[in-house]
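Read the single chain below, which is given as structure tokens and is the form predicted alone.
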């Protein structure tokens, strides 16, 4: 842990950050940076490169791209969305998360810049983790960050994709983790778990959230629920037979965006899905594998906002 002591490593990163600021923000050339910092031009170049390698620099393209705006408008009309953000796709990597994560971080930043205290509810998963990694540090203690679902496997081990704690640390806000496993073993255990005072409070906060950000999972053998070990092969086959198309915070739904009445959903310990008609519920999702799940979630009004990329948007409009 960084105790604030001055060390050679901290000095190196300080110099890299200073050089990056001079280059990217102040618009200095590398020769000017070298002169101002009293180093050689080669050292200035290395410092800027270090800042990029250490992820001290985050680039945001602040220019409306016509094609993306057209796609966003078309998807907004198709699904009656409240908001839609489309980012450019990398033709060589159409499922790349970085672009949508940056866009989601910008949307989160808009909410968290409010001087009035807000409740922000977060799902978990790769997209949410990537979003928080792109989020700048800021001081916003007036907000409350709450998790929509647990971060524990049945054996008590933690999954690596919790976003709530990381975001709260970045903004200095109070956070409310969801102190439960993702799934209960049966209905009786679920009732006991939901009876805990801390859990009841967290669920109540989720229901009051001013802004909810979630990922969307597909329901095939590449599904996060299956890959991460929450759903065994036999139950995956049962869910497929029941018409499972996607999941949000572990709640499984069909091709119309309707939650499936099944044994799996009866054990889901997550907070109830918010009513998107009443509050802002934005999904961050990208990739052909998630196409049916995204389409169903938007059709069923499980979400009313979408952040995705060009390639995914085009596939959605072609459905």
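Residue numbers count along the first chain shown, from 1. What you see is a predicted model, and the numbers here were worked out from it, not measured in a lab. Rigid core: the largest C-alpha set superposing within 1.5 Å between the two forms.
Keep in mind the form predicted in complex with the DNA is missing from the figure; the text below concerns it.
At a distance threshold of 4.5 angstroms between non-hydrogen atoms, residue 279 is out of contact with the DNA in the predicted complex. Residue contact check for residue 54: none of its heavy atoms lie within 4.5 Å of the DNA in the predicted complex. In the predicted complex, residue 275 stays away from the DNA, with no heavy atom inside 4.5 Å. Proximity of residue 58 to the DNA in the predicted complex falls outside the 4.5 Å heavy atom cutoff. No member of the trio 164, 166 and 175 reaches the DNA in the predicted complex with any non-hydrogen atom inside 4.5 Å. Of the candidate stretches 288-296, 250-258, 265-273, 30-38, only 30-38 has residues with heavy atoms within 4.5 Å of the DNA in the predicted complex. Shown without its partner, the chain has 40, 41, 42, 43, 45, 46 in segment 37-56 as residues with a non-hydrogen atom within 4.5 angstroms of the DNA in the predicted complex. Residue 31 shows a C-alpha shift of 2 Å or greater between the shown form and the other one [criterion: core-superposed Cα displacement of 2 Å]. Residue 22 shows a C-alpha shift of 2 Å or greater between the shown form and the other one [criterion: core-superposed Cα displacement of 2 Å].
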